[in-house]
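Next up: a single chain in structure tokens, the form predicted alone.
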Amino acid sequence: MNEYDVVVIGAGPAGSSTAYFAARSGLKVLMVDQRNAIGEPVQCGEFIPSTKEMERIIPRVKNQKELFDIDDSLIKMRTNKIKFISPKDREYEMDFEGFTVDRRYFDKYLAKKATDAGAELMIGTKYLSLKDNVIKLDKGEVKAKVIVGADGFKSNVAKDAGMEVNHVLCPCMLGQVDGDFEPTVEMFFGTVAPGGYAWVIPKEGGANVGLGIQKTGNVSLRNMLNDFLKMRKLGKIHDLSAGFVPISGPIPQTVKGNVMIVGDAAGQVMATNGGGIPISMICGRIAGNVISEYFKNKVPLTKYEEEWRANVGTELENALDTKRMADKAFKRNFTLELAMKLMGSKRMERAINCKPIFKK
């Protein structure tokens, strides 16, 4: 049985970031991912705020350039605005710098950084269970001194470690459309996406188009997406995929014994908009660095919990509070239209920036 200092389950932005910062200190690290190709299928809007915006949103996080100043070849379009569109097509606009990536290549880039730093990668390998530091995979067993669950919203690693998992999930569907688009991210609210929003996120040669909802019951995301495409005259969609985004905030405990939970698995997602890439990378860096200190200086793994909550916990809580207030307005187009009018662009900007919307 192969033995490792660290085994990371999941090679998305959270898992690869954790593996990179752990491996670069010389630890023996293994990343395991059940997909045959990292980053595929694409399961998010592929938008990342600029380093400048991230420093404004989460000012306590130091040296963000280390994470978000990526190679220009990975950037598919730079954007400079976000536009909110109400049920009656009233538009509210804010300046906001960001860029879109192609997750098929961006996730591979992050995984390669980890392997270049010394981590091993097993793809097409399914996690089955965890017991007494032994991780059972469908291709055999491995042993680890530290186990990291970066295995998405349902996190079987968290379940096996006796930790709570995300309990409110937003189903979403997305794909790619071809064409020329302005460098503006658009978010559409109302019955087009009950309880959530639809989006058009421009990229080179087209856009990432999708929607996420909160409405339960017998609903068809594909029909809703088709209706949205027709309404906005966006043309044919391709490369369709679907998934879930955790929107109930961080799970109560992200460290138990020698098991750590990172990224979507930990609920480290902005509840207002489902954004998780930058938060996952920030928390992955914290996790990897704490693991390194654990082996070098016997720093307790619980320091990870303390540090990520100190760095991003306030913003995630603000986003969750905003979502709870917004849920009341989302029930009908009339109340949503009124709420958006009362909020205006300035308060919507505060919501996007994870600030309390009714505080100066």
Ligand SMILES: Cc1cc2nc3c(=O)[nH]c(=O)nc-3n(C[C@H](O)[C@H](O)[C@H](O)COP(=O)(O)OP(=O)(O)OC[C@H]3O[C@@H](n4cnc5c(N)ncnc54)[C@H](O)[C@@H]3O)c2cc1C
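Position 1 is the first residue in the sequence shown; the rest follow in order. If you're wondering where the values come from, they're calculated on a predicted model, not measured in any experiment.
Another form exists, predicted in complex with the named molecule; not displayed. Remarks below refer to it.
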item: is_contact(Tyr294, the named molecule) in the predicted bound form, heavy atom dist at most 4.5 Å; value: no
item: 4.5 Å heavy atom contact, Cys44 to the named molecule in the predicted bound form; value: yes
item: Interface membership of Gly243, the named molecule in the predicted bound form, 4.5 Å heavy atom rule; value: yes
item: 4.5 angstroms heavy atom contact with the named molecule in the predicted bound form for Val259; value: no
item: One residue of Gly196, Pro278, Gly249, Gly206 in contact with the named molecule, assessed in the predicted bound form (non-hydrogen atom, 4.5 angstroms); value: Pro278
item: Listed residue that, although the named molecule is not shown, lies within 4.5 Å of it in the predicted bound form (heavy atoms), from Arg35, Lys303, Arg309, Arg56; value: Arg35
item: One stretch from 198-206, 222-230, 68-76, 89-97 that, in the predicted bound form, holds residues within 4.5 Å of the named molecule by heavy atom; value: 198-206
item: Partner contacts for 1-38, taking the named molecule in the predicted bound form and a 4.5 Å heavy atom cut-off; value: Ile9, Gly10, Ala11, Gly12, Pro13, Ala14, Gly15, Val32, Asp33, Gln34, Arg35
